[in-house]
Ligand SMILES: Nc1ncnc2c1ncn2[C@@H]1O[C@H](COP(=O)(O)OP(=O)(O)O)[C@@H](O)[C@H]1O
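Next up: a single chain in structure tokens, the form predicted alone.
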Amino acid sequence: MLEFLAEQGVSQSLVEEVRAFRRFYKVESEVADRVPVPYYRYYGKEIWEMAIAALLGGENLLLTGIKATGKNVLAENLTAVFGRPQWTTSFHINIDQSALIGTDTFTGGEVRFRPGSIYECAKYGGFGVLDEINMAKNEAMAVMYSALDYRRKIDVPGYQQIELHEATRFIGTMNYGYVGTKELNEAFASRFMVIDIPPMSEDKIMQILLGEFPNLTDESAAAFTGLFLDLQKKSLHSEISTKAIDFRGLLGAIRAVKRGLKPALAVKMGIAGKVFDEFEKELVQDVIDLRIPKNATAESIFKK
């Protein structure tokens, strides 16, 4: 990953500081398997430098932006670059204090404390990824205040107070406008440095597609890239919702084409199938038809 940062043109001084961070903070053997090995890479020199500088300075990060900008990919990449174990919490209505800090459980004939993800992260110097943080209940947010600010401590009710390991960092991610989301209150937001992740550019999409599918023809890569950008533009202009802005769906469609499925059918499953309003689905399908010919074959998509 450090070589990848150099390829992205990230400041050499930042790369060296990350290298020193990794040498200084060792990972304990019992959590070594939690250090991620990313399947996808995040492309973007400026974003990388902003994120690394903040984390090296001991700050927590909040990654915001529209759907399909690579926020979770970046969070995982950052954890891997710093060589830390990762604990991910995906927030929803049932995530409360006990899920984050821990709770009592009856094991082996006695009551024992079962630590939660934030507790483990604090103990082992991990990177805690707080996914969809703007879906968290107020109760869940409140227990994290002392962990996220200068105190860097967690009170475990009925047990002891623990101090965060020096290497511990938290990375929150949030999308705008999802059902169940809300505005973060000022007290919570002030505990993060915020990076607004920009929509994916043509160059970035091409890099990802050709990295994932090296034998994709240049024409096909341009067509799939153009399709995603067209849909993204329509969504930004409020012509369609964000349902069809699904990069995972696009990659899944290309994988299906690689197995011999007709491109038009694969994209219908991966993109248009995510839209359930009939009028919107017709708009999305019109964009697909302009970019992906209905008579295109799997053989024409990949180089021989």
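The numbering used is simple: start at 1 and walk along the sequence shown. Quick caveat: nothing in here was measured; it's all calculated off a predicted structure.
Unshown form predicted in complex with the ligand; subsequent notes refer to it.
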Would you check, heavy atoms only and a 4.5 Å threshold, whether A266 touches the ligand in the predicted complex? no
K204 near the ligand in the predicted complex, any heavy atom under 4.5 Å? yes
Given that the ligand is not shown alongside this chain, does R41 nevertheless sit within 4.5 Å of it in the predicted complex, heavy atom to heavy atom? yes
So in the predicted complex, is the ligand close enough to A51 to count as touching (4.5 Å, heavy atoms)? no
What stretch, of 65-73, 52-60, 234-242, 258-266, brings heavy atoms to within 4.5 Å of the ligand in the predicted complex? 65-73
Counting any non-hydrogen atom inside 4.5 Å, which residue from I208, A147, A167, V81 sits next to the ligand in the predicted complex? I208
The listed residue (S98, T88, T217, N175) that reaches within 4.5 Å of the ligand in the predicted complex by any heavy atom is N175
Judged by heavy atom distances of 4.5 Å or less, which residues of 216-254 approach the ligand in the predicted complex? F247, R248, L251
